[in-house]
Each structure stands twice: as structure tokens, then as C-alpha cells.
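One chain comes next, on its own, written out as C-alpha cells in the form predicted alone.
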Amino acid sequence: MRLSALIATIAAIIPLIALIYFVIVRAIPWLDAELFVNNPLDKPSGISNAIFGSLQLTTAAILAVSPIGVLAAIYLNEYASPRVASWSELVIDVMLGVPSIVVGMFAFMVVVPQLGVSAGSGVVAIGILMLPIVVRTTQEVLRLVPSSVREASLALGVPVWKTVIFVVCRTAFSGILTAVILAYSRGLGETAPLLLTVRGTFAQNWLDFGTTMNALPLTIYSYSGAADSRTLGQAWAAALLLMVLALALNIVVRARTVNSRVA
């Protein structure tokens, strides 16, 4: 049984290692200064606007979604009746399985007519994908907090709402932060919703969510179909930067919370 588990682990890790190796090999030759230069008045060159665009879109989405998701998880875990919690979890699980292209079509038909083809529409689309991740992961983390912790706080006369906020949530803080980062990483790599809502631009866009904005997934998608090797190489470099950015976020969070996880 131990040998079978080891073989299964190796089989799961090999494709990931192969993917990382393949991207690194293709991207390394194109990691130079020109990669980060963008001149919208001339032909497109570089991905600096895509990097900053991805960070702006994903950060705006997670700032909007995190309070809603965390509060919803607290309600379902601490206050909701079993029936309400059961039905809500079913809906959340269904949302987790919805393909991103479906969310993109929804945003295209419902959000874009209101906000136009803009970064704001992209934020809404990405936020819809992030929300169930924050809710479900936070809910599972809150369940890991021992009941004895709640009971001890309530026995000391602490109100329920203070127990939830200052005892339960504080104990599960590292897990809640991990849930937020998982959702952030998911939004950082989404392509289909952005194709239908943001559509990208060669210009730099700073915090103007009423107009189009570029993003790394959009750049990878558009550059990957280029005929010249330079643009194609920049697509591989953009893919590597996207991987490194997501990995760096996870490393920072794990380093920050390694000593404060729920026992």
C-alpha cells in the first residue's frame, strides 16, 4: 500500500515538474529588458502593462470579494441552520464547478451592457469565480477550530459575536488568509472571462476601470498565435512570470502563517 501511494504521488508530481521545466526552458532566452518595455505608439513590444493590469484587476476583485466571502462562510458555519447550510454548500459547490467561459458569457451578457467593455466588467467576472473559493475554503478552515475553544470563550461570558470574531476567526486567521490567496491565484490566471469583458490594450492603464486594461493571460493568448519567434518567446516569458507571481504569493503567505495555523 505504501508503494502504491508512492507511485501515485510520483505520477501526480511528474506532469507538474515537466510543465514547469518546459515553460522555463522556453521562456529563459526571452527574459531580457525588452520584455518589460511597452510602446503603444509603435508596434506592441513588452508586457509591462500586462503585469500591472493583472495585478490591478485581481487585486480589485479580491478586495471586493473577500469581505463577502468570509462573512458568508462565518454565517454558514456559525449561525445558519443545518438545512440552510446544506443548501448553500450545494450552491457553492456547483459554482466551484462552473467553467470560467460560462462566467465570461454571463458577464458579457449581463455586466458588459451596464459597464461596457472595461476593466470593471473584468473585475466582476473574476470576482464571481473567486467568491465560491473564498467561501468554501474559509468554511472548511472554520470547521477546524475546536469546539472547546468556542465553549471556553462562551463560558467566560463573552458574547457570541465577539467569540466568533476575536476567538474563532483569530484562531483560523492563517487559513482564511490562505483561502484569499488561493482565490487570488485563481483569478490571476483566468483568461476566458477577460477575453469577453476586458479584451486588452497596448496602452498603460493605471486604476482606470472604466476603460480596457491588459492582463498577462490576455497577452499570453494573443502572443501565442504570433508568427515571429520574438513575440512567441515573449508569450512563454509571460507564462513563466505568471507562474512565478502565483508561487511567490503562496510562499509569502505560508511564511507569514507557518507559526499560526489551526492545530
Partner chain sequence: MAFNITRSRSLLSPDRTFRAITLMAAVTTATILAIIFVVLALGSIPALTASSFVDFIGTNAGPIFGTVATALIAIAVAGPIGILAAVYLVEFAPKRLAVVLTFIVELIAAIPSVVFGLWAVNDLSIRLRDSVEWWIASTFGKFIPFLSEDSNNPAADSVFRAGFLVGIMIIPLVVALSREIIRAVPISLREGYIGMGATRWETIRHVVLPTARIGITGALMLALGRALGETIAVTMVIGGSNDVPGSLFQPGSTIATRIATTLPEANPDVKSVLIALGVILFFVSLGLSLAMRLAARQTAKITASVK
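Basically, rigid core = biggest C-alpha set you can superpose within 1.5 Å across the two forms. Positions refer to the first chain, counted from 1. Quick caveat: nothing in here was measured; it's all calculated off a predicted structure.
Although not depicted, the form predicted together with its partner chain is the subject of the following passage.
Of the listed stretches (201-209, 49-57, 63-71, 28-36), which one has a non-hydrogen atom within 4.5 Å of its partner chain in the model of the complex?
Among the candidates, contact is made by 63-71.
So, V23 and its partner chain: in the model of the complex, are they within 4.5 Å at any heavy atom pair?
Flag for V23 set to yes.
Would you check, heavy atoms only and a 4.5 Å threshold, whether S224 touches its partner chain in the model of the complex?
Result yes; S224 sits at the interface with its partner chain in the model of the complex.
Would you please decide whether T191 lies within 4.5 angstroms of its partner chain in the model of the complex, comparing each non-hydrogen atom pair?
Within the cut-off, so yes.
Partner contact for Q114 in the model of the complex: its partner chain, 4.5 angstroms, heavy atom
No, Q114 is distant from the partner.
Within 4.5 Å of its partner chain in the model of the complex, counting any non-hydrogen atom, which residues from 216-233 show up?
Contacts from 216-233: P217, I220, Y221, S224, L232.
Does the C-alpha of A246 move 2 Å or more between this form and the one not shown once the rigid core is lined up?
Yes; A246 is a residue whose C-alpha shifts (by 2 Å or more) between this form and the one not shown when the cores are overlaid.
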